[in-house]
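Coming up is one lone chain in structure tokens, specifically the form predicted on its own.
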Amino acid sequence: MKDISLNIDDYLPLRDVVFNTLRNAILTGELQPGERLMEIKLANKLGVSRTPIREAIRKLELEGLVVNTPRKGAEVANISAEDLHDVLEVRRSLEALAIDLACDKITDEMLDELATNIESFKNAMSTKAATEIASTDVGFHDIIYKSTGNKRLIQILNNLREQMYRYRLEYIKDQESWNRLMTEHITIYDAIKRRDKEAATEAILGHIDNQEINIRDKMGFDR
């Protein structure tokens, strides 16, 4: 177990702070798939009682991030091909809707933000900073989501993105994918700028398909 620490938030109850801390540690890989979650050890590490730890583990189990195995107890869920497929299947539909709305509603200022993001992505590639590349990739999609003006869609996509984070890290680790990512972002940007819904939808779906292929190859999943 890596050195995780409590992410204090004065506006949240302690149980929620503990849950968010453990959830983030799983999504970012600080807590690895298959790693046991022992209540006493986690309570001591985070400086809390066992009660909020136990509650957090139950909630994480409901999200599918933790599994409880007889005689072994709670542990971080493994990354599976089925989970990847399920998440991306939903993401394809939602991203296609977001792109459709973006082509109608995106402003010139947001188009400028997308263009700036692409330059930032290029700069991050030159430094080979994987975390910065991942952050810039997320930012590109965030601009598109924001441009839809649909708060509920944005909320759902953000939640889905968090579920994708563990897979995204595997994708970003592959430096050979960086140039392809940037090219795909440029293609998506150009199509949105032209308000070409068909081309933009084709571009975003191809972007997601390539991501799934890459992750499956890296993790040894069957296609």
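Computed from a predicted structure; not experimentally measured. Residues carry their position along the shown sequence, with the first being 1. Here the rigid core means the biggest group of C-alpha atoms that line up within 1.5 Å when the two forms are laid on top of each other.
Beyond the structure shown, there is the form predicted together with the DNA, which is absent from this document and is the topic of what follows.
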Original post:
Heavy atom within 4.5 Å of the DNA in the predicted bound form: which of 45, 54, 168, 197?
Top reply: 54
**OP:** Using heavy atoms only and a 4.5 Å cut-off, determine which of 192, 164, 37, 157 is in contact with the DNA in the predicted bound form.
**Re:** 37
Subject >> Options 101-109, 71-79, 132-140, 116-124; stretch whose heavy atom lies within 4.5 Å of the DNA in the predicted bound form >> reply: 71-79
**OP:** May I ask you to check whether residue 206 falls inside a 4.5 Å heavy atom distance of the DNA in the predicted bound form?
**Re:** no
Original post:
Taking 4.5 angstroms as the cut-off for heavy atoms, does residue 50 touch the DNA in the predicted bound form?
Top reply: yes
Original post:
in the predicted bound form, does residue 15 have a heavy atom within 4.5 Å of the DNA?
Top reply: yes
Subject >> Per-residue C-alpha change between the shown form and the other one, residue 183, threshold 2 Å, rigid core fit >> reply: no
Original post:
When the two forms are laid on each other by their rigid core, does residue 17 show a Cα shift of 2 Å or more between the shown form and the other one?
Top reply: yes
Original post:
After a core superposition, would you say residue 46 shifts its C-alpha by at least 2 Å between the shown form and the other one?
Top reply: yes
